[in-house]
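Only one chain comes next, encoded as structure tokens, the form predicted alone.
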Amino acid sequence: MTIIAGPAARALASLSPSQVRFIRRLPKAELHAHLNGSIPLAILQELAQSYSPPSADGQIGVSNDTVQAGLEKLRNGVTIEAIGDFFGLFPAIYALTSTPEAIARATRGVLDAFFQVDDGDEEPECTYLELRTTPRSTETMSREVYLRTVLSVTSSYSHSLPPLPESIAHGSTRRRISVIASLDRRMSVEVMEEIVDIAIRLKDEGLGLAGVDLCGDPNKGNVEEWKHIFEKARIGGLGITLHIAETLENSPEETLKLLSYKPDRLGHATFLDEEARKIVMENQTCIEICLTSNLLCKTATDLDSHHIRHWLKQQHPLAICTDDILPFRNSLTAEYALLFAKQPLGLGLTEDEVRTIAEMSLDSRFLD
């Protein structure tokens, strides 16, 4: 069961039962959900019971104490003073998902969180999901094995769900779940190239690998080195989404360089300057908006000053997303509640406005 707390919970609690039903029944896509940040706590606790620190070449992996401390933070609710604090949550999670069996179990848990219908619910959290994850190489699996494991689970799970209605499928694509391979900004160029090559190969096999993402600590890496990587991804038929302008420390020059890669979507895009906004507007590039994530990571002070308001005025393509439901204690329904709830708990949008945003999310997915 997904734990919901904080601003999303308050917005959701303010809605009437009929308003909540309206949100649940809306066909909508979740386009910015990180696998490792969306694993239900109960699954991590289950994996921790059989965890033993790996040892290779005399170097000890993450200790049991570190894993338990990480789980305790997640259990009690994470306090994030700045966006950098967020990345310290993941060593324990990565340690617990370092085998094919563990990553398969974790993936199934995440899919249940988005598609399992609880008592009283008529519809799942989302109609369509693009689940992103950073392929890792461990003692027991290569990056390709990691991705194949995730895709095996998502493909099987997708086939167990009713296919997308033809009106939403836009042609032959009726798949309910796709996967995005994430490139971490801290990776070497060689590793990024390896992942893109694997992603293109898996896409060509028809396994539901839809695109690539640039993610990770926004203050790491050299954007000047990545142009050819995203060119290869585009030529290979992969969709491209980039975490961009997440902090004030990300320079306008870096943002313009990333926009020159011609992404199909942008993650967060919190601090775009006027020149960047003009480019995004001209290209009608969809922005993946994660309201709770921005509020808790303090890249937005409140909803009233959130950059979503600019894009709503421009009627620009948007997709409302959860980012990481584990630490942020949110859900896609609760994120939509932040749109729908009256001010100051939410943005106070109308049903028609919320419906339009949901339609935008489906229109912005990466199609096979």
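What you see is a predicted model; the values in this text were computed from it and never measured. Numbers follow the displayed sequence, beginning with 1.
Another form exists, predicted together with a small molecule; not displayed. Remarks below refer to it.
K.L.:
Note which of Leu332, Leu35, Ala341, Leu47 lies within 4.5 Å of the small molecule in the predicted bound form, where distance is taken over heavy atoms; exactly one does.
P.N.:
Comparing distances to the small molecule in the predicted bound form, the residue within 4.5 Å is Leu35.
K.L.:
Could you spot which one of Glu144, Asp184, Glu194, Glu254 gets a heavy atom to within 4.5 Å of the small molecule in the predicted bound form?
P.N.:
Here the answer is residue option Asp184.
K.L.:
Could you tell me if Arg234 has a non-hydrogen atom within 4.5 Å of the small molecule in the predicted bound form?
P.N.:
No, Arg234 stays farther than 4.5 Å from the small molecule in the predicted bound form.
K.L.:
Closest heavy atom of Thr241 to the small molecule in the predicted bound form, within 4.5 Å or not?
P.N.:
No, Thr241 stays farther than 4.5 Å from the small molecule in the predicted bound form.
K.L.:
Even though the small molecule is not shown here, does Leu258 get within 4.5 Å of it in the predicted bound form, heavy atoms only?
P.N.:
The answer is no: Leu258 has no heavy atom within 4.5 Å of the small molecule.
K.L.:
Quick check on Asp324: any heavy atom within 4.5 Å of the small molecule in the predicted bound form?
P.N.:
Because a heavy atom of Asp324 falls inside 4.5 Å of the small molecule in the predicted bound form, the answer is yes.
K.L.:
Pick the stretch from 275 to 283, 201 to 209, 159 to 167, 215 to 223 whose residues have a heavy atom within 4.5 Å of the small molecule in the predicted bound form.
P.N.:
The contacting stretch is 215 to 223.
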